[in-house]
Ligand code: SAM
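Quick heads-up: it's one chain on its own, the form predicted alone, in structure tokens.
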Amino acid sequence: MNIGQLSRAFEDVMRKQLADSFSSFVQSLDKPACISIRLNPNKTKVAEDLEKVPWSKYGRYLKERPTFTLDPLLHAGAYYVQEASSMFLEQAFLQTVDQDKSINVLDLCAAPGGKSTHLLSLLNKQSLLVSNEVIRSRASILSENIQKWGYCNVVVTNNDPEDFKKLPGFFDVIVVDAPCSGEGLFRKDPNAMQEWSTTNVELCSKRQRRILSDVWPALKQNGILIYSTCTYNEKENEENLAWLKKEHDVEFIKLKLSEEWGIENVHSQDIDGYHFYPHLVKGEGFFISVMRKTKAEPESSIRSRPTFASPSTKISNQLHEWILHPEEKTIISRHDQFQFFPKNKAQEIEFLAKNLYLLSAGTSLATAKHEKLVPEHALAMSIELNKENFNLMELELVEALQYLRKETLPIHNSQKGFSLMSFQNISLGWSNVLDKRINNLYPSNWRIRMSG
């Protein structure tokens, strides 16, 4: 990369920040970005033949970028395409949170879903994740990726950070992956370089402070806040944290690092943060910090009379056969649709439904049509699906892509009814086998439009 392509103001900031390693940083921007994925531990085997992302159990580097759109396993939620540096969330979470407890976690700026799906893989089944996105179009993408990941202990919301003030002390952990100036994306996205300006950095910093201020009351005493950006500058990182420490009672937590990882620990004024630079780590630019809220504040009272409607005994009995461990689930009915989530979190989910705008809660099970239950696509994606109670249809690659394009499929067998379509034994969705044809039930708005 020609250094002339960088904004002079950005160059000045980075020269000061990196000193003697500035030239190595610039050279790294001219190298190809790393390609990495994170495996879904409940859907795929650990790929030991791939190079591991050192700070993530299920993170893997790929040698070259495949055409992900034409891989059925991506659509099945077997893995998520995610930048390696951002997978360090795993260390921030595992080193500071008791994984054995039943906790409530908020991913505040969650779209498109990388950190939320990662958190779901780290949480125990007794815990609840609230995955939020303020922009409605991005929230729909988030909801799709959450469904593909297949967990039921998650609620997807479409709210402004300010709305969470109505939930004082509700969350044990809050993750704020704040919208930022995107300096860490320069290598992957040249447009980010063109859009950079000192004015935009200032605007981002102010917005980040507003977000932190709005969501702070929702974190309980001794709760953990994980703050991250994909940018380098101190205004959006260290200075924001210094401001937060001045405004609130905050204790920063120092994380254990391996020297081989190349992550730079920044410590000043009792603030600990971690910088990822592309000339030092195998990943893109990233910043993360972990802190504990030390001040006691009022907490939400969630005791209330249940208002969710339950399905009839007949329908409940049938739906219980469709899922694993039904005794641990609460099944509710909303209009003609049925959904389930962990029984131990039913009261919390009701509380959230009364205070936030929910796009989804748990997993959609089925829709009642003409006295018949039609399985929902989310159920096919679910790791709680009891496959033994459904016809199975294993597809080869060509057929799987036909299915994902929502094309007509040849009849494989004469067994009528709803069939679970799968590729390499991982579910893709439903079809309905009739006398002379198969109705492809893959969601129309999710279908592959790419040829090849």
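Bear in mind that the values here come from a model prediction, so they are computed numbers and not experimental data. Start at 1 with the first residue shown and count on from there.
Separately, the form predicted in complex with S-adenosylmethionine (SAM) exists; it is not shown, and the next lines address it.
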Would F351 count as touching S-adenosylmethionine (SAM) in the predicted bound form under a 4.5 Å heavy atom rule? no
Taking heavy atoms only, is E236 within 4.5 angstroms of S-adenosylmethionine (SAM) in the predicted bound form? no
Under a 4.5 Å heavy atom criterion, is E183 part of the interface with S-adenosylmethionine (SAM) in the predicted bound form? no
Is there any non-hydrogen atom of M381 lying within 4.5 Å of S-adenosylmethionine (SAM) in the predicted bound form? no
Residue within 4.5 Å of S-adenosylmethionine (SAM) in the predicted bound form by heavy atom, from G362, G150, G113, G285, is G113
If you check R207, H248, K188, K165 against S-adenosylmethionine (SAM) in the predicted bound form, which one has a heavy atom within 4.5 Å? R207
Among 342 to 350, 274 to 282, 192 to 200, 173 to 181, which stretch has residues with heavy atoms no more than 4.5 Å from S-adenosylmethionine (SAM) in the predicted bound form? 173 to 181
Using a 4.5 Å cut-off on any heavy atom, which residues of 67 to 85 would contact S-adenosylmethionine (SAM) in the predicted bound form? Y80
